[in-house]
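Heads up, the chain below is alone and in the form predicted on its own; it's given as structure tokens.
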């Protein structure tokens, strides 16, 4: 089970209105407008994803088209737990023309399933990518009357352009529930279908998320979770408004990217927020750590440790040199542990604000726990900062002006 410990010279404390905040949080996660907390028990969404997977599991290439929450969560799961032995993955999650060309040059589009993910069905980047892929299919003689063999849509249950097009093309369509925002959507078909193609068991992911769901629903048992959120709020009020997420695992590198969107888009409003900074160990010990260790003390560091790796290597060697002899008795995992412990000790000595998260091992259950925990922490911190963690008006403003500029060019 995921656990954590706070290290800080700034005392972590619960506010006197804990009962009031607990009630507000429970009302939030049980609101009909906020559905992410109850996704682990929604078997209908998984059943629909399994049915679509059975229709297309022969496909050798999976092209995932989306941006932001429509892509970051699925890519995080694939990079953390997936296998590409049977299926090759391509994530079209940006609109850089040169990168598009590079990615499409590796794809045999006749063998591909194209998964278009957009809740609104109007996301400009996704519309652009879908248009390009339709043109690429035409180059190999595949047209609209055959699109049902190549496209699957994932979108709003009743409205939007993709719903209309799916009827025209007879394309199978999966649902993003109306009360789920994009950055909270990975435990829906947005994540389930790519997981299935990557050999990841979504049922185990949901099992892990359910364990966190039960833990946080218990007022007494979940008190450490509330203490963490209040501590982050108090740090925010003291001007400590940057949050570094640094897993000591290359497989969790994309988890940092997923977290950045979740934290920034949810909490950066009304002049408030905590700027998320992605990092990963041990690589960033030789990069950003100098700043984290001795720069301005305005950051909270979330360090994630994986206690047991699935693979390991002996460092035993006969190479001359003192550094080689020093490492010779150990394994690679032991060196990772030493670097983690050394960094943690040095940060504590320098009076930095650190949360040490510990996962027994990285698998479907533990990543399911981590995802729902992070979403719940984001929602609670938003509530106690008195901001709405579920909207994104700043993003919408940028979209509006982008479309206005396009219209001015036509």
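Predicted, not measured: the structure shown is a model, and the values here were computed from it. Residue numbers count along the first chain shown, from 1.
Same protein, other form: the form predicted together with 5-phosphoarabinonic acid (PA5), not shown, and the subject of what follows.
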Report yes if any heavy atom of residue 118 sits within 4.5 Å of a heavy atom of 5-phosphoarabinonic acid (PA5) in the model of the complex; otherwise report no. yes
Is there a non-hydrogen atom of residue 35 within 4.5 angstroms of a non-hydrogen atom of 5-phosphoarabinonic acid (PA5) in the model of the complex? no
Since only the chain is shown here, I'm wondering whether residue 123 would be in contact with 5-phosphoarabinonic acid (PA5) in the model of the complex (any heavy atom pair within 4.5 Å). yes
Answer yes if any heavy atom of residue 23 is within 4.5 Å of a heavy atom of 5-phosphoarabinonic acid (PA5) in the model of the complex; otherwise answer no. no
Contact assignment for 5-phosphoarabinonic acid (PA5) in the model of the complex, among 285, 210, 88, 261, heavy atom within 4.5 Å: 261
All of 75, 251 and 370 with a heavy atom within 4.5 Å of 5-phosphoarabinonic acid (PA5) in the model of the complex: no
Residues in which of 66-74, 380-388, 352-360, 49-57 have heavy atoms within 4.5 Å of 5-phosphoarabinonic acid (PA5) in the model of the complex? 66-74
At a 4.5 angstroms cut-off on non-hydrogen atoms, which residues of 226-241 are near 5-phosphoarabinonic acid (PA5) in the model of the complex? List them in order. none
